[in-house]
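Just one chain is shown here, as C-alpha cells, and it is the form predicted alone.
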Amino acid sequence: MTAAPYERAARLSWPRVVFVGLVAAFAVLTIPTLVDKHSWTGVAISVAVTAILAYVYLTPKRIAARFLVPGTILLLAFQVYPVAYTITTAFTNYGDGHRLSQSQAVAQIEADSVLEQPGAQRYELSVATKTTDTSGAFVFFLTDPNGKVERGDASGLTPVPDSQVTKDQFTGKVTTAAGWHILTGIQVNGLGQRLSTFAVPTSGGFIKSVGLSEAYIGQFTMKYDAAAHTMTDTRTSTVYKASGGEFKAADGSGKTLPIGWKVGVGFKNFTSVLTDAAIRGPFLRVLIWTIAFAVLSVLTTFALGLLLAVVMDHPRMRGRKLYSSLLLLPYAMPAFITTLVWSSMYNKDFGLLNKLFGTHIDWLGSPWAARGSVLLTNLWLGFPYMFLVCAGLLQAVPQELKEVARVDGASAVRVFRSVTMPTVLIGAMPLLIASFGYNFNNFNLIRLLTDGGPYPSGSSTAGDTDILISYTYRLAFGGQGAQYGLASAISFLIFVLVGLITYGGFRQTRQLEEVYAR
C-alpha cells in the first residue's frame, strides 16, 4: 500500500531535511559565482550533487546510498579529481609564463604593451567590485574632464547616468555607485599585479590605471593578427609567430614574448627527465638518495625497534613498564617540534651535539653529514613505532615452537633466526612497506630539518638531502619559476614507483606466508 504524501513527509527526519537544505543553500550561493566565471562544468557538478543528495536523503528507499554517497563524493573530490588533474597537467606546459589560455595571453600581451601618448586624455579613477571581497572581478569608474562617467571592464566602456553615482565635488571622482562597492585606497593598492595588468579596451586603444586614482588612454604597441596567428611589435616591426604555447620571433633571433599559454606537450615532460641533461642529472641524484633514505630509514628504525622489543621481552628484564614508557616519549612529541629541536642541536656553533662531543662539525652544511643527520633524526622519530609493533608481534610468536627448538638443541640465536624472526617479519612486512612509502614522501622532515640543503655549486633546485617530493615541491612552487607540468610528471613517476615497490613488497610477503605455512 502506497503511503500518502503527508505520511511520507512525516517520515522525514529533520536532520536529513536540514542537511539537504544546507547543501541546496550552498549551491544557490555558489552557482551565481560559477556562472559569472563561465564555469559551466562547475555549475553542472553543483546541480548534479545537490540533486543526488536530495534524491537519496528525501526518499525512503535509498537507505544504503545514504551511507555510500557522502563517502563517494568526498573520494571523487579529494582523491580521484586531484590525481586525474595531476596526470592531465603532466602532459601540458602549465607553469610560470604559461598559465593562461591563448586568447587571454593575447589580451594580456596587448594590454601590457599600452603606452600613454603625449597629451592623451586622463580620467579620475575609482575601482569597484560587486561585493567587499576584492578577490573577484573589478571594474573602473572613469570620470573624464567634462564630468562624464563611464564604467569600464574587460569588454569595454558603458555610460553611467549621473543619477546612479555620487561624485567628489572638486575632482569629479566617483565616491559611490548604485550596486557597486567603491574600494578604498588600501584595497586598490592590494590589487597589485592585477590592477597593473588590467586594461579597458576602447576604439583607439586601452585605458589603464596610473597610480591609484587616475587612468589614461593609450595606444597598444603589440598587435595581434588572428588570421596569421602572429603578434607584431609596431615599434620595431618584429613579428612573433605562435608556436608551442608562446610567441617566437620569426626572424630567427630566438626572442620570445614573456607571456605564453597552456598547451598540451605530450610526453615531453616525461622524456625530458631522461633526455634533458639539466633535469636528468639532479633527478637521478635525488632519486638515488630518495630510495637510499627510504630503505635505510625503514631498516634502521625496524632494527632498533626490534632490538629494544627483544630486550624488553626478556623474562629477566626488570622495570619493563618504566623503560617502555621512556622509549615511547619521542613518539608522544609532535614530530615537527622534535625535528626543529634536532635542527637546533645540529647547529655548528651553538648546537648541543658539537658542545657535547667537543667537535666543530657542520652537521647540516656538508652533504654526507647532512644526510647522516637526516637519517639520525628520522631514526629518533621512527623507532618507537617499530618498537610498539615488534613488541606486539613478539607476543604472538608461539612459545611451543620455541620450546621444541630448544629441546632439539637449537641455540638462542638459532631460535631467534628460525622461529622468532620469520613470524615477526610476516606480521611486520605490510607495515614495513607502508613505512617505506611514508618515508619515500617524508616531506616534512626534509622541509623542516634541511630544506633540501646543502645545495651543490650551480644548482638551486636540487639539494643534497632533497628527496623526490621536496624536489618536486621546489619545481612547482620554488623561487626559480613554477613548472607545474614537469612537477606533475615527476609526481606521477613517484606514484608509479611507490606503487610498483608496494606491489613487489606485498608479493614477497605472500610468498613468505606460503613458505612458512608449509
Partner chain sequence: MREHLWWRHLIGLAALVFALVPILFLISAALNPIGTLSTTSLLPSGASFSNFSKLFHDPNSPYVRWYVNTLVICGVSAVLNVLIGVSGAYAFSRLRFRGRRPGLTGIMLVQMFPNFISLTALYLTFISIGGVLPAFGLNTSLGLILVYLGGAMGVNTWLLKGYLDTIPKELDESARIDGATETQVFFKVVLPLARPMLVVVGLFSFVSFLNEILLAGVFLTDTTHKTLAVGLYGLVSGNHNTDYGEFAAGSLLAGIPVVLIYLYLQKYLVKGLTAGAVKG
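C-alpha atoms forming the largest set that superposes within 1.5 Å between two forms make up the rigid core. Numbering follows the first chain given and starts at 1. Just so it is clear, the structure is predicted and the values come from calculations on it, not from any experiment.
There is another form of this protein, the form predicted in complex with its partner chain, and it is not shown here; the text below is about that form.
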Given 140 to 148, 172 to 180, 285 to 293, 438 to 446, the stretch touching its partner chain in the model of the complex at heavy atoms within 4.5 Å is 438 to 446
So, in the model of the complex, is A476 in contact with its partner chain at a 4.5 angstroms heavy atom limit?
-> yes
At the 4.5 Å heavy atom threshold, is T420 in contact with its partner chain in the model of the complex?
-> no
4.5 Å heavy atom contact, L75 and its partner chain in the model of the complex = yes
So in the model of the complex, does any heavy atom of F495 sit within 4.5 Å of its partner chain?
-> yes
Between the options V413, I337, A277, I186, which residue brings a heavy atom to within 4.5 Å of its partner chain in the model of the complex?
-> I337
With its partner chain left out of view, choose which of L327, M222, V397, V165 has a non-hydrogen atom within 4.5 angstroms of it in the model of the complex.
-> L327
Decide if the three candidate residues L299, P454 and T461 all line its partner chain in the model of the complex, where lining means a heavy atom within 4.5 Å.
-> no
For the stretch 241 to 275, which residues lie within 4.5 Å of its partner chain in the model of the complex by non-hydrogen atom distance?
-> none
Threshold 2 Å Cα movement between the shown form and the other one at S135, rigid core reference = yes
Superpose on the rigid core, then tell me if the C-alpha of S39 is displaced by 2 angstroms or more between the shown form and the other one.
-> yes
Rigid-core frame, C-alpha of T59, shift of 2 angstroms or more between the shown form and the other one | yes
